[in-house]
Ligand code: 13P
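The form predicted on its own is given below as one chain in structure tokens.
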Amino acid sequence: MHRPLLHPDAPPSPSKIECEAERLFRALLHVDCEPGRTWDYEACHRIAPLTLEINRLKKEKDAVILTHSYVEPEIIYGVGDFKGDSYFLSLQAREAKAKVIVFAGVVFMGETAKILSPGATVVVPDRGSGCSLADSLTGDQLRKLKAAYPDAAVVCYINSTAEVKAESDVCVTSGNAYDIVARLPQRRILFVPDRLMGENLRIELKRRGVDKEIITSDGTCIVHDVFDAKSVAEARVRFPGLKVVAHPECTPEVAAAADFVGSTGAMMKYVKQTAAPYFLMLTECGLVGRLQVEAPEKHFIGGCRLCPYMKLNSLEKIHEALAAPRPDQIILLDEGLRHRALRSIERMFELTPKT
């Protein structure tokens, strides 16, 4: 159900609303991944005044809106300036020259943007948009793990707090973790906070002939840890020719049963370039929504899961964060902590293979 809109003080003309509704309708026409929601022309017409106002405010405030692939499609295609996975958006945050960065994602992503763009005002639409991975490990807990494994290189997945990044030697994403860990001189790796990604990392490095000991903390993603290999097998029987696409935050059993395992960006590329009658996406439903827009000829059989944290983002909250952000929407970091966290992220940029 669409929520009531916040109307700007000076409403746009009917003709502008009609043009904006048409633009939104063309962009969202194929999106149907979330039950109970359809993007017909009437729905697009309802949100058009708000997307127009948000886009007007962006120019007025010298703002940029970064949108993760898991947020609602009306955010991505209605007001987003950049859309993608955590690594791509981290690059955009580093390059941003805007005075204001609105990060439509989850809080740790807003922290990463602030780490990389300290001069900008960074806001998040909803401070409650946490992450089961980032919330599973504190800086103090990581310090205790480091004391137990003093010879280990500390590698943190980007889905972690600024405090954890500040305690780490290098930050990684799901797209570059394998290459970066393989390049580290240390044999023992303390990988945090994702246990399942750590297990998949261990398996993949062994397959590549890389000798590393991977020690993990115990966090998991509440979206990706629920998929199971039995459901994959059942889907293959029902849909001959099916291609199964999974994220490395899934269990090793699911990863082994999939046709392709990769980051959000890599999954997008694989689906777009692969001919198959059906795809099963074992990830967050927002990615399916993007593919429905950008590759409408592809057929998806369901199976995706919603992230309750990502779905806390809304056009209304983005409007609020742009127009008059509350203190809780503004990301503030201690400068010493920010500098220490920056080192691990810059190390990631240094070690990521150039393509």
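Values in this document were obtained by computation on a predicted structure and should not be read as measured data. Start at 1 and count along the sequence shown; that's the residue number.
The form predicted in complex with the named molecule is left out here; the points below concern that form.
Not one of Lys146, Ser168 and Thr216 is positioned with any heavy atom within 4.5 Å of the named molecule in the predicted complex. Interface membership of Ser263, defined by any non-hydrogen atom within 4.5 Å of the named molecule in the predicted complex, is confirmed. Proximity of Tyr157 to the named molecule in the predicted complex falls within the 4.5 Å heavy atom cutoff. Looking at Thr161, you'd find every heavy atom of it more than 4.5 angstroms from the named molecule in the predicted complex. Not displayed here, the named molecule is approached by Tyr70 to within 4.5 Å at the level of heavy atoms in the predicted complex. Stretch 243-251 is the contacting one of 227-235, 178-186, 243-251, 200-208, since its residues have non-hydrogen atoms within 4.5 Å of the named molecule in the predicted complex.
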